[in-house]
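Given next, in structure tokens, is a single chain: the form predicted alone.
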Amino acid sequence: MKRRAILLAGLLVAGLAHADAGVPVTASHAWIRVLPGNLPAGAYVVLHNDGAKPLALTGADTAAYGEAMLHESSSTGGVSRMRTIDALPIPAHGTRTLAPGGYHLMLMDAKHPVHPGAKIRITLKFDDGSTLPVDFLARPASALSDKD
């Protein structure tokens, strides 16, 4: 019995130590621009890295969509382009913004209709193996920010 108590106490301490280590990244202003029909949605967020080491966002998962990809939009000479990227660096003690016209998550194949006002949980993945679940607010197609 004493041995079992010591084992359980050790597991509890190990779990608390892991929880304290946590992800140094926090998220704010998380929103999704919902387009009509089954068109892809764009997901935007501000990521803050409070850690002493740079991290990179490497992907995302969500139960609401079949696929989530990191993309970068750009415009040169009036021509808009979008490309898939493998990772998005977030500097130590820095911020990275995913916003319309720049970096964003492209959400493909909605598993059910997503309407403005809905909250969609997206789990962000980082290059150190950590993850961060974030609730994104669905906004209408006309939205330009999380405040529209």
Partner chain sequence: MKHPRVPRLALFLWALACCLLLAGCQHHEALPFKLTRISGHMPDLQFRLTDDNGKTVTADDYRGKVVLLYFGYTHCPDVCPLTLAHLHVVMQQLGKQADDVRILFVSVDPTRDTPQALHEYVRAFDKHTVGLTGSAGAIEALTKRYRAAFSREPSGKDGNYEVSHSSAIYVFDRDGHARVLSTPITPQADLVHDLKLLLDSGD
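Keep in mind that what you see is a predicted model, and the values were worked out from it rather than measured. Positions refer to the first chain, counted from 1.
If you look for the form predicted together with its partner chain, you will not find it shown, but the lines that follow are about it.
Using a 4.5 angstroms threshold between heavy atoms, residue 102 counts as touching its partner chain in the predicted bound form. In the predicted bound form, its partner chain sits within 4.5 Å of a heavy atom belonging to residue 35.
At the 4.5 Å threshold, heavy atoms of residue 82 reach its partner chain in the predicted bound form. When contacts are judged by a 4.5 Å heavy atom cut-off, residue 51 does not count as touching its partner chain in the predicted bound form. Residues of just one listed stretch (88-96, 111-119, 56-64, 27-35) have heavy atoms within 4.5 Å of its partner chain in the predicted bound form: 27-35. Residues from 114-148 that approach its partner chain in the predicted bound form with a non-hydrogen atom closer than or equal to 4.5 Å are 141, 142, 143, 144, in the order they occur in the chain.
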